[in-house]
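Starting off, we have a lone chain in the form predicted on its own, written out as structure tokens.
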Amino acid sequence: MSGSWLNDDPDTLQDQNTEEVFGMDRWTDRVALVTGASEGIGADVARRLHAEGMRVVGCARRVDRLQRLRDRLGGRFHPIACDLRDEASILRMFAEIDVLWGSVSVLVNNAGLGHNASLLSGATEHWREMLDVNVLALAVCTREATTRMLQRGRGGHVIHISSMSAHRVPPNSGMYAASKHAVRALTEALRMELHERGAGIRVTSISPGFVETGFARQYHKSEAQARETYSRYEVLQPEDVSEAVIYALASPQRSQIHDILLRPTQQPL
């Protein structure tokens, strides 16, 4: 099936012969869900989508940080406490969004984490948490969001915030890299399944290199090591990733921005 799927009226589909709406106007007043929105990339993506006129749901375990974000953004931002390691918590979140604003049109799977846990000596609980959050939670959120997109028949967009580790394997990061390689496979598999359905739902993976967030602190369990990591050269900032999200969303419907690799200019690998 061909033609445009999204237009100014969020409750109708465009006719094939109607001029397509470009840019972010097509998403005005539609609902975006951003996982891991309490800080860093997720918080900035939520801020940017809100500024573009979307209604934004941000989820995280630390709901106090989400409440502070709502204080800054206003009523079109809705915080939800959600433990993405727990499927029941994810399902409750989607049910709450359904009642509040209806189905999600844009899903940004941003939540992710890493542990410095090598394959020779890493703790099993660290491996499991990376797989639970980086892979399984992403897949469950994607299933729930796309099910609703398909039911409403209005198209949509799924964006995975992945990592350059989906494209190479850093030393001592085997399980983390494996989780991000899985995201790369899930992105392509989802594209093929959606294409088979003729759904008009696009999928994009954005793979940043070093971004100055809380990731390095959690990964190394050291504030000093995090500062050292981000001081080697000028690294990316969260708004650089947000800009890539907007680029993918604003592209014309005929264009699927499938894979974005986003390195700091000085990052060697």
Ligand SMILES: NC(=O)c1ccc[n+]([C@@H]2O[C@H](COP(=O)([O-])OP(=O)(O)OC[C@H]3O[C@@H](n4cnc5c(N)ncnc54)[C@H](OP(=O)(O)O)[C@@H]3O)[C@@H](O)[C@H]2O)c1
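Just so it is clear, the model here is predicted, and its values are computed rather than measured. Heads up: residue numbers just count along the shown sequence, starting at 1.
One more form of this protein exists, namely the form predicted together with the named molecule; it is left out here, but the text below deals with it.
Residue contact check for Ile41: one or more of its heavy atoms lie within 4.5 Å of the named molecule in the model of the complex.
For the chain shown alone, Glu87 is not a contact residue for the named molecule in the model of the complex, no non-hydrogen atom being within 4.5 angstroms. The closest heavy atom approach of His157 to the named molecule in the model of the complex falls outside 4.5 Å. Remark: Trp27 does not count among the residues lining the named molecule in the model of the complex, judged by a heavy atom distance of 4.5 Å or less. Contact with the named molecule, judged by heavy atoms within 4.5 Å in the model of the complex, is confined among 220-228, 47-55, 32-40, 197-205 to 32-40. Looking at the named molecule in the model of the complex, residues Phe94, Val108 and Thr146 place no heavy atom within 4.5 Å of it.
Residues from 188-216 that approach the named molecule in the model of the complex with a non-hydrogen atom closer than or equal to 4.5 Å are Pro208, Gly209, Phe210, Val211, Thr213, Gly214, Phe215, in the order they occur in the chain.
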